[in-house]
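Only one chain is included here, represented as structure tokens and corresponding to the form predicted on its own.
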Amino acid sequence: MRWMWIDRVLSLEPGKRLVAVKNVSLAEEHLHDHFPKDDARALAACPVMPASLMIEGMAQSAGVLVGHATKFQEKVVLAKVSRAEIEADPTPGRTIRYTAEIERMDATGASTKGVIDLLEPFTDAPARTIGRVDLMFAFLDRNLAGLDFPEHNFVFGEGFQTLLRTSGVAEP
């Protein structure tokens, strides 16, 4: 996967729960498109982390949790976003915390529930819940169409292996 929307895994309870963080930085190009300065309306720039990328960050967090539970033997793909409620737009300097929990898992896939919290680094401010994202994942090789896919695990490639290793997560 080319784009990583989580920076570090803070904790992992195999088969149960994963907590990851994303530090929002002004150096990220995508922030500048949400929302640029508008001279015609006299609005200053307001760079924010788009909700769609926070949903993707939760999908990556929950996907790692599901993949780890299967010892990364399955090709885990996002099948459905069952719920996505985002209540705030994180700005640069904030940290997003993703908490993903497996709700159900069987031979064909898994469903997860997730909470997105906004943290104010270097302050005593408590975390504030800004979103809830529930997802369903499918195991690609167990598809009903009987299609064959390449043997390499294209979702959990080098980038995610590096993320897990630098976060101190042991391989299953």
Partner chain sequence: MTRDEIFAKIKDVLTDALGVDDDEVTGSARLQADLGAESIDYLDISFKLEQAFGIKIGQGELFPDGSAQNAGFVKDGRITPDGIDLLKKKLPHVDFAAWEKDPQISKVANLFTVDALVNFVQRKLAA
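These numbers come from a predicted model, not from an experiment. Positions refer to the first chain, counted from 1.
This protein has a second form, the form predicted together with its partner chain, left out of what is shown; the following refers to that one.
- A heavy atom within 4.5 Å of its partner chain in the model of the complex is found for exactly one of A110, M49, V133, L65: A110.
- Contact annotation: of the candidates E28, E103, D141, D117, the single residue with a non-hydrogen atom within 4.5 angstroms of its partner chain in the model of the complex is E103.
- Heavy atoms of A88 never reach within 4.5 Å of its partner chain in the model of the complex, leaving it off the interface.
- When its partner chain is considered in the model of the complex, S82 lines it closely, a heavy atom lying within 4.5 Å.
- Only one segment in the set 120-128, 53-61, 39-47, 133-141 has any non-hydrogen atom within 4.5 angstroms of its partner chain in the model of the complex, and it is 133-141.
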